[in-house]
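Encoded as structure tokens, the following chain is the form predicted alone, with no partner shown.
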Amino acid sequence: MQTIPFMEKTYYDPADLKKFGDVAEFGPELAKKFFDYYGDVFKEGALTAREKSLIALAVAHAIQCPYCIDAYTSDSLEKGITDEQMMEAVHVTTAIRGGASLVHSVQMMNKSKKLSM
């Protein structure tokens, strides 16, 4: 009997991250505008490139983009961000996501109270 590895391939192929620039193939004009904008966003400004990388990592977790998590984990490490700092940023993301779910329960409570009257 042949043994099949748990996951031979995932929907999100890590090799595809390197193909990000290839999205220009089907729409070069808009891709150029996007990549120019993207590059400008991550330049030093009121926030350092290091701070922007950590924000990007946190947002990547919030939107659950495995490509972004991969890219900004590497970028954060390259910029001297520690594992502890990255994990703390992920916990901030978790707190905000959890809080957003809880605060929306007020809508449920309002509706339930209205229908129960």
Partner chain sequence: MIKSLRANHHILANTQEQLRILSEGVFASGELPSFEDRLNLINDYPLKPSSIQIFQVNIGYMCNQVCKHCHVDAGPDRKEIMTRDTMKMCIDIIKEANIKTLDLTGGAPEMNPDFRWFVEEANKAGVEEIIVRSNLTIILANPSYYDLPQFFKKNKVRVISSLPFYQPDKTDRQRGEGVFEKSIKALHMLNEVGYGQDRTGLLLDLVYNPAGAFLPADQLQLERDFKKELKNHFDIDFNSLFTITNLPISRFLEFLLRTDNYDDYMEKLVNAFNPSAVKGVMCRNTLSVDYQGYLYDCDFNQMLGLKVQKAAGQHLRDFDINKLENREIKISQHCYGCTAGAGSSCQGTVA
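Positions refer to the first chain, counted from 1. Quick caveat: nothing in here was measured; it's all calculated off a predicted structure.
Unshown form predicted in complex with the partner chain; subsequent notes refer to it.
Point to revise | in the model of the complex, residue 18 touching the partner chain (heavy atom, 4.5 Å) | key: Flag for residue 18 set to yes.
Exercise for review: Indicate whether residue 80 is a 4.5 Å heavy atom neighbour of the partner chain in the model of the complex.
Suggested key: Residue 80 belongs to the contact set for the partner chain.
Review point. How about residue 29: is it within 4.5 Å of the partner chain in the model of the complex, going by heavy atoms?
Key: Outside the cut-off, so no.
**Study point:** Partner proximity in the model of the complex: residue 52 to the partner chain, non-hydrogen atom cutoff 4.5 Å
**Key:** So residue 52 does not count as contacting the partner chain.
Exercise for review: Name the stretch: of 55-63, 69-77, 35-43, 87-95, exactly one has residues whose heavy atoms fall within 4.5 Å of the partner chain in the model of the complex.
Suggested key: Of the options, only 69-77 has residues within 4.5 Å of the partner.
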